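Okay, here we've got a single chain as structure tokens, the form predicted alone, with questions on binding and movement later.
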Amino acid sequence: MSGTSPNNSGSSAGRPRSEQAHQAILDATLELLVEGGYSALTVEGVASRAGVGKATIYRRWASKLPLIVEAFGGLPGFEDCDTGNLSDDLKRMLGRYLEVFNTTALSAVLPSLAGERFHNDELSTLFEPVSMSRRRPLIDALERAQERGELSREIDLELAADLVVGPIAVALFFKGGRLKPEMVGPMVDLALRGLRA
């Protein structure tokens, strides 16, 4: 991963420079979240993995909570898609999301943080705006569908978004295993059937 080489600057005793250090810290945070989850991650462990001192981390983040949230925020989220048709938009958007979910640290980091949020109010507070921002393309697609007349303007779009992606959460947290791309078509079709009824 980027920034993990210890010899990026001849004048800093082998430690990476500021920009490189920042990325090395974020990379190390994600690696350690994948390996041990939220509870096992420490600032000391991140510093060691990134090849920086703890002071370098504390100059940027007050604790491990904002560090973890920023590292998570750099992972892929929903990508906007505008085909002019809600069904196609959602299928492409969710299909791409499952591809990156299954091939990046997201598959390990998201469940770990979601579980921790349940009993960590500070993490939940910091995590919420990042989570909402990553979800925004989904809301945008639903808003465009309302403007085109594909969905009623009376529909609560936040609830509609929950309905669309709900099967992903069920598969992830209650059924275990990898999320399968072939689930996207049927789940979007069923969700839209209900939303348009």
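Computed from a predicted model, the values in this text were never measured in an experiment. In this text, the rigid core denotes the largest set of C-alpha atoms whose superposition between the two forms falls within 1.5 Å. Residue indices: 1-based, along the sequence shown.
Keep in mind that the form predicted in complex with another copy of the chain is missing from the display, and what follows is about it.
Each of H119, F127 and L151 is positioned with at least one heavy atom within 4.5 Å of another copy of the chain in the model of the complex. Taking the partner from elsewhere, K175 is found to have a heavy atom lying within 4.5 Å of another copy of the chain in the model of the complex. Using a 4.5 angstroms limit between non-hydrogen atoms, V100 is distant from another copy of the chain in the model of the complex.
A residue is said to contact a partner when one of its heavy atoms sits within 4.5 Å of a partner heavy atom; L110 meets this definition for another copy of the chain in the model of the complex. Contact check for W61: every heavy atom lies farther than 4.5 Å from another copy of the chain in the model of the complex. Within 4.5 angstroms of another copy of the chain in the model of the complex, the stretch 152-176 places a non-hydrogen atom from each of I155, E158, L159, A160, D162, L163, V164, V165, G166, P167, A169, V170, L172, F173, F174, K175, G176, taken in sequence order. In the core-superposed comparison between the shown form and the other one, K64 has its Cα shifted by at least 2 Å. The two forms, fitted on the rigid core, differ between the shown form and the other one by 2 Å or more at the CA of E44.
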